[in-house]
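Structure 1 and structure 2, given next as C-alpha cells, are two forms of the same protein chain, each shown alone.
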Structure 1
C-alpha cells in the first residue's frame, strides 16, 4: 500500500514512493528533474537507450534493462517512451508484478487500453493516463467527473504540434516544414512527427476521449482521419479572406442509437469562434453533456512542462482513493461510422491537377457534373478554389478528388465550423 504526504496538510509519509521512469527524452528529463526535488519520491531507475549521454539523473540510476528497472522494486513506473512497442510490453510486465503505471502514451491506451486496464485490475495495480490527452489540461478528469451525465459529443483541438504549425503559418507566414522544425525544437512533436501531421496522434487521443466518455473502446483505425500535410500558404490566405483560420479538429459524437462517429480533419474556423483563438501548442475541448450542457476546457496541450504536470499529478493520485472511472467491464469495441460526418456543411475545396492539367472549362464542367452548389469559385489552369453551399463531407471530397484527378494529396477539403 502506498502512502504519500498530502501536501495541503503537510504531513510526512514514513517511506517515499519508489518510482522508476521509462524514457528520458524531453518529457522524461523534465519529470525526473521535478521528482528529484521532492522528498516524498525516490527514483529507483531510469530506462534509457544510451547510458552515456548526459541526463538530469546520476549515471548509477540509468539502465538499459527493463528487468533491472523492475528489480529495483518501484511502487510505480512512469512510462514516457511513446509508441506502441516496447512500451506496451514494459507496462504489461510492470502491471503483472502489481506495480502501478502512470503513462502519457496515447498509442498504447487507444490500442491496448482495455486489455491493460483489465490486467491491472486483476493484478491489483492502477493505470493512470491523464497526460495522454491534453498534456497538462485535465480533460480526462473532467470526463470522469461527468460520469453521472450522458456525454453526447466531444470536439476540439487535441494536437499541439499541428496547432502550432497552423498558427505559425498564419502569423509568421512560414512554411509547414519551417514551423515543424520549430515545434520539434520546442519538444512538442512526437519523435516521428508523421503521427502528428497525418492526424493519427489526434485519432488516438480521440479514442481515449471516447473511452473516457463511456462510449466503449474504439480502435484508432476506425477513425476517419485527414492530416494537415496538404495545407498550403494559399489555403491559409483563402481562410483569412473568409475571416477564418484553419484548425485541425477532432470530433466525436454519439447518436441516440449508440452509434459513434469519430473523425479528425482540417476545418475552416470563423475568427469569432472560440476554437480560432487557440494558438501555439494549445489544446481546447468542447464537451456536450445532456444535463451539464456545453463545457469548454482549454490549455497547453504539448511540451515537457505541462506534460510533467499531469504525470506528477497522476503519481500523487496513486496515494488517494480511486477517482478515475473504472473502464466498463464489458464495453465492446464499436465500429465508428466510416464517413467523416453526415452533417451538411459549407466546405472549402482547393484542388490542383497535375502540371498542364485540365483548363478552367474542363474544371467547371467537372463541378457542374457533381451537382454541388457552389458559393464562390476561382478557376485557373489546373487549379480550382471554391466554397460550396452546405453538402456532406463525402460529397465535397468526391468533387475535390475528381478535380485533382484522383490524387488526394493535391487537394484540401475543409468543412466550415459553425
Structure 2
C-alpha cells in the first residue's frame, strides 16, 4: 500500500510563508484578515498611504515605505493597489529581489505583463494573477488547463459594475445615472467609474485572457471599445421588445491564419442565451476550443471575498511543493490585433439627431447609400431606431455615425449575440 504524505503534518512542520501586502482597501483588508487566521502564513508588512487609519492588522505592521516592506524579507508580496503606478514599480522592485508576486491588477498585467513576466523569470520569481480577471471565477486556470488544446474564441461578461448597472436598468426601469449612483452607494462602483463605463476595464481584462490563451501580448489600445455611457432606458425597452437584454460583452477570437480580433461593446443578448441570465455583479465566460468544444464558467466577478479567494489560492500554490504554481512564462510575441470581428450579425442602431427630428428622406438616402439592408425602421421624436440584416460591425457603426451626423456619442450600435 502506498501512503500519501500527511498534508496537515507537512504544513505544521514547514516554516510559515512570509507575506507582505501592498494596499489595504476593501480587498486588501479581507485578504489580511484571512491570512492572519492561518498558521502557515506570517504577515511581515502592509503598505498603506495612511498608517493612522483603522486596519485589521496591528499598527506595527503598517508602513508607507516600499523599501521597508521589502526589507522585511517576504517570500511573496500580494499587490492590491490597483492602477498602473506605483503598482508596476513596486512589483518590479519585488521581483528584482527574487520575491514572488500575487496580483489582482489587470492593468499592469495587460499593459506591462510581458516585461514583468520576463523579469520575474530572469530573477527566479513567479508572477501570478488569477484574481486579475473574474475575481473568484477561475477563468485563467481554465485557460491554463486547455493549453494542450487550440482555443479559438473567448467571450463573456467581465465587468461586474457594468453588469449591475444594466441589470438595474432592466429590472427597475431606471436611467443609467440612477443605476450608477446605486452601484456607488453599495460599493460596486468606484467614485470615478470611468474605466468601467467606457469599457476600458473590460479591454484590459480581454487582453489578459488573450495572452493566457496563448495568442501573444496585445496592448489594450489595440482593442476597439464601446462602453455603456450612451445606453438609455429606451434602448433597454427596445431590447426587451426583441426578447433580449443588453450586456457589455468582451470578445476575442483567433482565426486559422493567426489573426486575433478583439472587441468590447454592448450587445443584444437573447433571453434564452446563457449570458442573458448573468445578473448583478456576476461574470460569465464562454471558451471555444478545438477539442474540448464550448465551455461555460460563471460566478461572482467583484467583491472582496471572492477576490480574496483567488488571491489566497495563488499564494498557497506558491507554497505547495507538490504543485506547480502556474504555467511558466513562455516567449509570447507582442501581436497586433484587428479591433473588430468581420462576422456578419444583425445590429440594433439608435441614432439621435443633433437638431430637430430626423428627416425621413435624408435618413432613407443615408441607409440606401450605405448598402445595408434594414429589417425594421422606426422614427421617433429626435431619433431613429433600426434593426439591420446581417452586416459587419464596422459597416453598422458607419451607418450609425452618419445618421447621428458624425457624432458617435449620439448613437448606439449593439450586435445581436447568437
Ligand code: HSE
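Only the largest set of C-alpha atoms that superpose within 1.5 Å between the two forms is called the rigid core. Positions refer to the first chain, counted from 1. Because the structure is a prediction, the values reported are computed rather than measured.
S.K.: Does the form predicted alone correspond to structure 1 or to structure 2?
M.R.: It is structure 2; that copy is the form predicted alone.
S.K.: Is it true that residue 258 shifts between structure 1 and structure 2 by 2 Å or more at the Cα, once the core is aligned?
M.R.: For residue 258, whose C-alpha is compared between structure 1 and structure 2 after core superposition, the shift is less than 2 Å.
S.K.: Using a rigid core alignment, state whether the CA of residue 191 is displaced by 2 Å or more between structure 1 and structure 2.
M.R.: The answer is yes, as the C-alpha of residue 191 shifts between structure 1 and structure 2 by 2 Å or more after core alignment.
S.K.: Aligned on the rigid core, do the two forms place the Cα of residue 48 2 Å or more apart, comparing between structure 1 and structure 2?
M.R.: False for residue 48: its C-alpha shift is below 2 Å.
S.K.: Fit the two forms on their core, then tell me the C-alpha shift of residue 366 between structure 1 and structure 2 in angstrom.
M.R.: Superposing on the rigid core gives a C-alpha shift of 2.5 Å for residue 366.
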